[in-house]
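As a starting point, one isolated chain is supplied in structure tokens, in the form predicted alone.
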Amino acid sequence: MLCSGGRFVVKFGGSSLRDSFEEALSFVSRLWDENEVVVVVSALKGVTDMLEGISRGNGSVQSVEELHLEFAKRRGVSPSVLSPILEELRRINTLNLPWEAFRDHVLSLGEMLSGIIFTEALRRRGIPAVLFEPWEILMTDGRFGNAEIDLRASRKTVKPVEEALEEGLVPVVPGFVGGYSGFRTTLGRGGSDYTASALGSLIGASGVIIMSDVEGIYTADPRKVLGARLIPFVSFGEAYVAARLGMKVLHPKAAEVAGPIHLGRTRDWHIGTVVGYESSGIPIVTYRVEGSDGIVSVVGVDSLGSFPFERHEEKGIPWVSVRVPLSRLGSALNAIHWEVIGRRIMFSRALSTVQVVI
């Protein structure tokens, strides 16, 4: 394990909860054996989109209800514990709120449902878990849909979490959600990472562990680039810039407020990347879609030899961007990755071979 006698925040993504639930529970149990642990959970994969539809009047409350009741039952959790939140969801249209506040209120229920299930599952394993309402402990600036956590204000409201840790409990905090003047505010897609890093900063955690269905940060999206390689160390600045430019592994704000962040895969507990003060010096190729074009960005370089590019710099990190038609995005990603990563790997292997022969 990472260390003994530490204080950690561990976050599980929606895919992890859906596909590797038992492994997530076991990970928390093992970590809790010798450490203080706060757990942050996302909504089950796909649920936020379902709730988004409900907030717009074209989604199915019944589908969300059935999904969670079945999921809880299969995990040995009594479906009755979900009744208060499901009843709130059934009556959601009686809320008299401005549209943006209404939407965030609806979206907050996904993390609450998964938080309840995870808390009860931990208790069934004999772990004294306690669920917190995130809008009571993390205060935000009130920007519905993309709120920023007010760390100064939250230092007071997070005290109950610290007290629970001191009592030997495992606080479970639904991610993605904060509070502002009695309203619930969401932190943007992927905001559970931000919840975890903010909590890590507020409670003085030894580290933040973000577990998902991928083991860390790769040189490019491995689903689109066959030769993508795992990067062991990425600096805070590199992670922030790459995330802002389209990298999905980490929320950009998460890289701004915490100490070391350990990224790993829930299924086999493999920690693949540490985001911190050290860098492996390896470029990161990422992308985003802008209209009918794809914008390919390479973080950590200031030029490309074979492509027309624009040069940029942010937080002291150089990066370049290339605009391509969406129809060519896949081939451009692979070609650019080969130029900045593939040749480097081939050269490194060749050099190693020469050294062995000598």
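This one's a predicted model, so the numbers in the text were calculated from it and none came from an experiment. Residue indices: 1-based, along the sequence shown.
Omitted here: the form predicted together with ligand ASP. The next part is about that form.
Novice: Would you please decide whether residue 288 lies within 4.5 angstroms of ligand ASP in the model of the complex, comparing each non-hydrogen atom pair?
Specialist: Outside the cut-off, so no.
Novice: May I ask you to state whether residue 38 is within 4.5 Å of ligand ASP in the model of the complex, using heavy atom distances?
Specialist: It does not: once ligand ASP is placed as it appears in the model of the complex, residue 38 has no heavy atom within 4.5 Å of it.
Novice: Determine whether any heavy atom of residue 48 comes within 4.5 Å of a heavy atom of ligand ASP in the model of the complex, and answer yes or no.
Specialist: Residue 48: yes, in contact with ligand ASP in the model of the complex.
Novice: Is there a non-hydrogen atom of residue 43 within 4.5 angstroms of a non-hydrogen atom of ligand ASP in the model of the complex?
Specialist: Yes, residue 43 sits close enough to ligand ASP in the model of the complex that at least one of its heavy atoms falls within 4.5 Å.
Novice: Go through 200, 134, 191, 171 and name the one with a heavy atom inside 4.5 Å of ligand ASP in the model of the complex.
Specialist: It is 191 that has a heavy atom within 4.5 Å of the partner.
Novice: What stretch, of 183-191, 117-125, 206-214, 152-160, brings heavy atoms to within 4.5 Å of ligand ASP in the model of the complex?
Specialist: Selected stretch: 183-191.
Novice: Pick out the residues of 108-125 whose heavy atoms come within 4.5 Å of ligand ASP in the model of the complex.
Specialist: Stretch hits: a single one, 111.
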